[in-house]
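Quick heads-up: the C-alpha cells below are two forms of one chain, split into structure 1 and structure 2.
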Structure 1
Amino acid sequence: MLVTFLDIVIAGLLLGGLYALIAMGLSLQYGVARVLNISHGEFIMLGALTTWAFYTAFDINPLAALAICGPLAFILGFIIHRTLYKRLLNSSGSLALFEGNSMLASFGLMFIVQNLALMFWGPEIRGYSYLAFPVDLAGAVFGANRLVTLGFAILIGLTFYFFLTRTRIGKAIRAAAQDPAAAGIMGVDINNVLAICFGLGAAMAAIAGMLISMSYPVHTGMGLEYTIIAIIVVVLGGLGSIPGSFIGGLLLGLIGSIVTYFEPGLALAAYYVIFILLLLVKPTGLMGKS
C-alpha cells in the first residue's frame, strides 16, 4: 500500500517536474514581460526536434544538446523581444492593449515557427529511446530517463532560483515582476531585463523540449498542447510567482497521476476540476497576491 502510494506520488512528480520547467519559462514571459506567449510551445517543439535531429543524425547525447539548444533559444528569444515585443510595448497605449497585441503577435509567431518547422522537418512523428530501462527504488520501479528528467528539472529550477535571488540581474527581474517602474529605479535597463526574461523563457522551453523528447514522441504540431499546460500551471501557481509555477507544475503532475490511478478516462477532466476549484477558492492562484 505504501509502495503503491509512493509510486503514484513519484510518478506524478516525474511528470510534474516537466510541467514545472515549462511553466517557469512562461511565468517569466508572462509574469514579468507581460507577453502571454502562445508560441511558448513552439520553442519546446524546436528544442525537442533539434535534440532528436542531433541524436539521430550525429549521435549527440540528448543531455549534451542542452548546451546547444539552451543558448540558441535564449538568443532567439532575446532577439524576438528586442525587435518585436519592444516595439509593441512602445506603440501600445496601455498595458491592457499591449497584453492583447502581444498575444496576437505571439499567435502569429506560433504560426510562422510551426510552418517553418513543417517545411524543414515535415509533420511526421519522431522519437528515439534513451535510458529507457527500469530503475528499482525501494520496490517501486521507474524509467531511468524520467528520473533524469526530474533531476534536470529540479537542477534547472534551483539554478534558476539562485540566479533570481543572488545575482543583480536576477534581482532586477524579480523587481520588474512586482513593478516595472521599480526595476528602472534600480538602475537597470528595463528593456534589457524584459528581453532577458523572454530569452530565458525560450531557453527553458527548449530545455524542456529536450527532456520531453527523451520520453515522448515529438513532432512539429506538438507545441500548443504544452503551451496550454504551461498557461494553466502559471495561473494555478499565481501570476508573477516563479516558485508558484514550480509548485503548480508538481501539483498538476501529482493530481494527474493520482486520478490516472483510479480512472484514467478522467485524468484531464481532473486537471480542470482542480484548476477551477482552486480559482474559486483562491482567485489569484496558489502563491499569487490579491
Structure 2
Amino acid sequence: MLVTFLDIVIAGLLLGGLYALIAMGLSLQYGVARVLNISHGEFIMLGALTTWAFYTAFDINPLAALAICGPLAFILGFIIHRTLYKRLLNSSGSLALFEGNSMLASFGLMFIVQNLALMFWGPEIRGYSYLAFPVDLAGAVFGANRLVTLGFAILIGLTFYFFLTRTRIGKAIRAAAQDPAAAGIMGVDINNVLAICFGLGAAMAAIAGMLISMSYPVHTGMGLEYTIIAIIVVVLGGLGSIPGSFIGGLLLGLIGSIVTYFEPGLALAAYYVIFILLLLVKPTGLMGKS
C-alpha cells in the first residue's frame, strides 16, 4: 500500500513539475503581454526536437542544451513580439480587441511553426536514452532521467520566481502586469517589457521541451496537447499568477497520476473536467485576483 501511494505521488510530482514549468511561461505571456499564445506548445516541440538533434547528431548533453535552446527561444520570442504582436497592439482599438487578434495570430503562428518543423524533421516519433537507469525510492522505482527532470523544473521555477521578485527587470514586469499605463508613466519601457515577457515565456517552453525529451518520445505534432494542458494549469492557478501556475502544475500532475493509476486513458479527459468546473465554480483560479 505504501509503495503504491509513493508511486502515485512521486509520479504525479514528476509530471506536475513539467506542467508547472510549461504553464509559468504561458502565464507570463498572457498575464503581462496579454497574448493567449496558442502556439506555446510549438516552442516546447522545438526545444524537444532541437535537444534530440543535438544529442543524436553532435553528442551534446541534453542538460547542456538548456544553455542553447533557452536563449535561442528567447530571441525568437522577443523578435516575434516586436514584429507581430507589437503591431497588433498598436493597430487594435482596445485591449479586448488586441487579445482576440493576438489569439488568432497565434493560431497562424502555430501552423507555420508546426509545418516548418514537419518539413525539417518529418512526422516520425523520435527519442533517445539518457540517464535511463532505475532509482528505487522506498520501493517505488523511477528512471533517473525523470527525477533529474523534476529537480531541474523546480530549480528553474524557483529561479524564475526570484528573478521576478528580486531584480529590476522583474519588478518592471510585475508593474506592467498590474497597471501598464502607470508603469509607463513611471519610466518603464512597456514595449520592451512586453517583448521580454513573451521571449521569457518562449524560453521556458523550450526548456520544458528539453526536459520532456529526456523522458518521453517527441514528434512535430506534440505541441497542441501541451498548449491545452498549459491553459488548464494557468486557469487552475489563476490567470497571470506565476506561483499559482507552479502550484497548479504540481496539483494537475498529481490528479493525472491518480486518474492514470485507475484508468490510463482518462487522464486528459479528467483535465478537461477540472477546467470546466473551474470556469463554472472559481474562474479566478486558486491564486487569481477576483
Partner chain sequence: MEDKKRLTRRDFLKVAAVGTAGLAGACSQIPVTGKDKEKIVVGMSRPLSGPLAVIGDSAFRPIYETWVPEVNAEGGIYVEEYGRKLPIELIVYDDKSDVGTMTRLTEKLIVEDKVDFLWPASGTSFVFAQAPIANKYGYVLITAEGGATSIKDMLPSLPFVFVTLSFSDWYQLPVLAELLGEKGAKTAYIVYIADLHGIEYSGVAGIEFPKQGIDIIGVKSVPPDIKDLSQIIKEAKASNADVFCCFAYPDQVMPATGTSMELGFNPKAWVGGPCVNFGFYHTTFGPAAEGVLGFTSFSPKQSAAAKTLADKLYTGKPEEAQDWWGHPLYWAGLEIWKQAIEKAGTLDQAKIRDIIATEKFQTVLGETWFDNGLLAKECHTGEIGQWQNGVYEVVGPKNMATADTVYPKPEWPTGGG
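All residue numbers here refer to structure 1's sequence, counted from 1. Each form is matched to the other, and the largest set of C-alpha atoms that superpose within 1.5 Å is called the rigid core. Note that the coordinates shown come from a computational prediction; the quantities given were computed from them, not determined experimentally.
- Note that the form predicted alone is the one shown as structure 2, not structure 1.
- Once both forms are fitted on their rigid core, the CA atom of residue 261 lies 2 Å or more apart between the two structures.
- Once both forms are fitted on their rigid core, the CA atom of residue 278 lies 2 Å or more apart between the two structures.
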